[in-house]
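For reference, the chain that follows is the form predicted alone, supplied as C-alpha cells.
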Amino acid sequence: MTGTLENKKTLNKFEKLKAEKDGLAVKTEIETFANIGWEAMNPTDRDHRLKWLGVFFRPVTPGKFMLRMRMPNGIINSKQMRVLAEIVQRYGEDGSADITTRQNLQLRGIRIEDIPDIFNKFEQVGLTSVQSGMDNVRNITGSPVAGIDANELYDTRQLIKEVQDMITGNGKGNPEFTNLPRKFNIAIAGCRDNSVHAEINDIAFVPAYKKDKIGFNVLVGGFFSAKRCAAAIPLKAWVEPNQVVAISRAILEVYRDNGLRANRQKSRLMWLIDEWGMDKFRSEVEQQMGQKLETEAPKDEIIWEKRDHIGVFKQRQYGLNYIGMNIPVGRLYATDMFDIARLAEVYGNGEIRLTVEQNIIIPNIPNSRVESFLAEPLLEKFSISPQPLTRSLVSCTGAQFCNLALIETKNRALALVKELEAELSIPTSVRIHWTGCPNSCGQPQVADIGLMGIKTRKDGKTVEGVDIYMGGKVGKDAQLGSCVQKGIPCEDLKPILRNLLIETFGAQPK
C-alpha cells in the first residue's frame, strides 16, 4: 500500500516505526499499558504510536498525557462536555482543556492508568479520539453555525460526519488511512465567510454554484510547517455534495500511495502536487474515483468578511438565537466545562459548538431566555463583548505543556493584550496569533499580527523571543502573511506591538 516508490533504506525514522507496527495496533494494548505504567512502556509505543489513539506523551509533564478529541464540525452536546469535565476534574491543578484551532478539545493532565476507563466513558456518550494525531487526518472543520445560520448555503454537518466516519471506520479506527506520509487537514465550508480558513487545509471544499445548483469548488495543498507554508490552490474541480466523501477518499488514497516519504519535511500533499503538476494530480484523483470531475465553477461564494460569531445572533429557526462567548486563548477548566454544559441544557437544547478562533457558541436559545442567559455569572469570564485584542487572540499550547514550543505562549499572550488594552483605545478588533514554534499550530500566518516563538540573544544570553508576521487575511481574498521582523526578545515586545497598533491599526493612547 505504501513505500512502493522508495527503497526502505531511504525511509525516515517515522516510516520505519510505522512499518514495524501500525499505530492503531496499540488499541489492543491499552489495558497492558495501564497496568505497567508509562515508565515501563516501550518508548516507541509511548512517544509515538499512542498518538494514533489521540494520546500524547508530554516530556515537559512526565506521567501526564494530553488527549486530543475528534469533534466533527466542532459540535458536541452537554452530556459529552460533562464527561470531559469529569475527566479533567480528576487531575486537579494539572487538569484543563484547550479549544484548538481545529474546533476540537485537548485534555491535559491525563494518566495512562486511567485511559481504559476514559475510553469506556467516551464510548458510552459517542466520543472518540481515534486517529487524531501523527500521520492521520485531523479534526474535520466546518462552519460553527452550520444548520442555524440564516444565510448559509449548505449545512455541512452530515457531510463532515460522513467524511470522518469513512476515515476512522465510524470512530473505531480504520487501517486504510492510518499510514499517510504526514498529517492531513480537511475543511468543508457551507457559509459565505470562510469560517474554516479554507486556504490552510490539504483539502478544502468552498461553496460554489454551477447551473443554479450548490456544490463545492475544491482546493488542495494548503499547509504550515517549519520548512514551508503554502496556501491551498484550486484542483480546478467542482463537486456536488454527494461526491464529497468519494473525492476525499480518492485524494487521500492518491496521497497515501504516492506521497513523498523519504524526507519528512517534504511529505505534505503540496510537495506531491509540486512534483507531479496539477494536471497529473487531478487525473490520478479522477482515476482513483473512477469518474471524470466537472470543471470548477467560475466563482465561489466566499464573498463576506470573516465573522467571529461572538455576541447574540438570530438563527434561521424562528424565535431562536445563538450566543457566542469569547474563551480567552481557548483555555477551560473543569468548573468552566460543567458551567458550559449547564448553560447549554438550561437555555438551549444541550448543544455546544467550538470555533477555529478557540471560542464557544451555545445555540437554540429562545428569545424569552436570552436576557437570563446574559445575566449568568460565567459571562463575566467568557464575555460576549470582549475587548478588541482579547476578542481575536489565538494561541497554541506553548511551553507550559508542549515540548516542541520554544516559548510560553498562552499566559504571556493574555497578559500582554490586557496591558495593551489598558493603555490604548483600539477602534477595531485586531487578530493577534501566537505560536510557540515554527510548526505554526497557532497559525501566525493568517493573523493581522502573528508572533512565532524562537530563541534569540540578548546581552549575551539566550532568551525567549518572537519573529513577527503581518499581512495575513481571512475571509474573502484570504492570504498568508509574511515575516516582517525577526529575533525580538519577548521582554522587549510590548512597545513594538504598541507602536504597530498605533501606526497600523488606528489605536490611540488613553
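Note that residue numbering begins at 1 and tracks the sequence as displayed. Keep in mind it's a predicted model, so treat the numbers as computed, not measured.
Below, we refer to the form predicted in complex with a small molecule, which is not included among the displayed structures.
*Asks:* Does any heavy atom of R182 come within 4.5 Å of a heavy atom of the small molecule in the model of the complex?
*Replies:* Because a heavy atom of R182 falls inside 4.5 Å of the small molecule in the model of the complex, the answer is yes.
*Asks:* Applying a 4.5 Å heavy atom distance criterion, does Y91 contact the small molecule in the model of the complex?
*Replies:* Because no heavy atom of Y91 falls inside 4.5 Å of the small molecule in the model of the complex, the answer is no.
*Asks:* Report whether the minimum heavy atom distance between F401 and the small molecule in the model of the complex is within 4.5 Å.
*Replies:* Although the small molecule is absent here, F401 would touch it in the model of the complex, with heavy atoms inside 4.5 Å.
*Asks:* Is it the case that C396, even though its partner is missing from this view, gets within 4.5 Å of the small molecule in the model of the complex, heavy atoms only?
*Replies:* Residue-level check for C396: yes, a contact with the small molecule.
*Asks:* For the three residues F33, R111 and Q124, verify that every one has a non-hydrogen atom within 4.5 Å of the small molecule in the model of the complex; reply yes or no.
*Replies:* Spot residues vs the small molecule: no contact at all.
*Asks:* Between L480, M66, I468, I454, only one gets a heavy atom within 4.5 angstroms of the small molecule in the model of the complex; which residue is that?
*Replies:* Contact check passes for M66.
*Asks:* Go through N104, Q164, S129, S78 and name the one with a heavy atom inside 4.5 Å of the small molecule in the model of the complex.
*Replies:* It is N104.
*Asks:* Tell me the stretch among 116 to 124, 435 to 443, 369 to 377, 144 to 152 that has any heavy atom within 4.5 angstroms of the small molecule in the model of the complex.
*Replies:* Result for this chain: 435 to 443.
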